[in-house]
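Take a look at this single chain in structure tokens; it is the form predicted alone.
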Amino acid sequence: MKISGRTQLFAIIGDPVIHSLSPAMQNAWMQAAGIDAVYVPLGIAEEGAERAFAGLRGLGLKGANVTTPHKERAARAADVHDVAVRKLHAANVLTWENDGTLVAFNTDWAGVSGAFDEATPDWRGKTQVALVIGAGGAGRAAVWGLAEAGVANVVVCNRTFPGAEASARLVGGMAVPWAELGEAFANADVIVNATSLGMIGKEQFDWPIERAKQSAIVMDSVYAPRETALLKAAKARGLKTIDGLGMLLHQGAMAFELWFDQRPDIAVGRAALEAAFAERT
């Protein structure tokens, strides 16, 4: 990779970002497309983050992805918002226009539907009920993405019921209490874990996977570990599973398309993610 004064600068912004696989993926796409650009991790701590975001205009960035804990802050910092940002109040993609205007997008929702499309192309026609576990930023994006994909009934289950209600309300879905998670598993054609449960260093959980339909498709937004306890239990029952790398890949592909007005090669991005993940583990 050759860097010059003309090289465009892109970044992944978060705290922490040292673990992010996005640089491997986005740099592979840029190189494959012959684009003179580089994508780097840019850590911004919570303390002083408002000032840091205000100063980003002067850094010469052309675009950025935004991850935890700054997605809501990124939405507030932008001058223009796409419809998903306005609905979800969170942005994971930023673009600086030539006149300095900061435009915010949310592509997390596309990561959900794109991962399903890649893994099980016929899932839309077979899905009447989708269950989303969690009502944070990832959960709201999953709810929005499933509804945009045409799922008629989206159910949200969250440990705090008001959070589930707020998330379900985005798409006219239904909220269920945490105590009814098992019944929600039993009724769902698609199950998406959009919480940190099962992530390395986070709380583990005994999922009611025995209640799931034999035809259910199970997705986990977590990719560290690659095979979470939820996916392991689902595989043991012979269910179709989708890991968190799929969501990362497809939200990143939409970001690339927004920046460069061309669709990246999904195979190139997946190969870069797989290699980076293998090197890390």
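Keep in mind that this is a model prediction, so the values were computed, not measured. Numbers for residues come from their place in the sequence shown, where the first is 1.
Although not depicted, the form predicted together with a small molecule is the subject of the following passage.
Contact annotation: S113 falls outside 4.5 Å of the small molecule in the predicted complex, judged by heavy atom distances. Although the partner is absent here, T195 is a contact residue: one of its heavy atoms lies within 4.5 angstroms of the small molecule in the predicted complex.
The small molecule is not drawn, but in the predicted complex it has a heavy atom within 4.5 Å of E203. Although the partner is absent from this view, R211 stays clear of the small molecule in the predicted complex, with no non-hydrogen atom inside 4.5 angstroms. Remark: of stretches 166-174, 184-192, 127-135, 76-84, the one touching the small molecule in the predicted complex is 127-135 (heavy atom within 4.5 Å).
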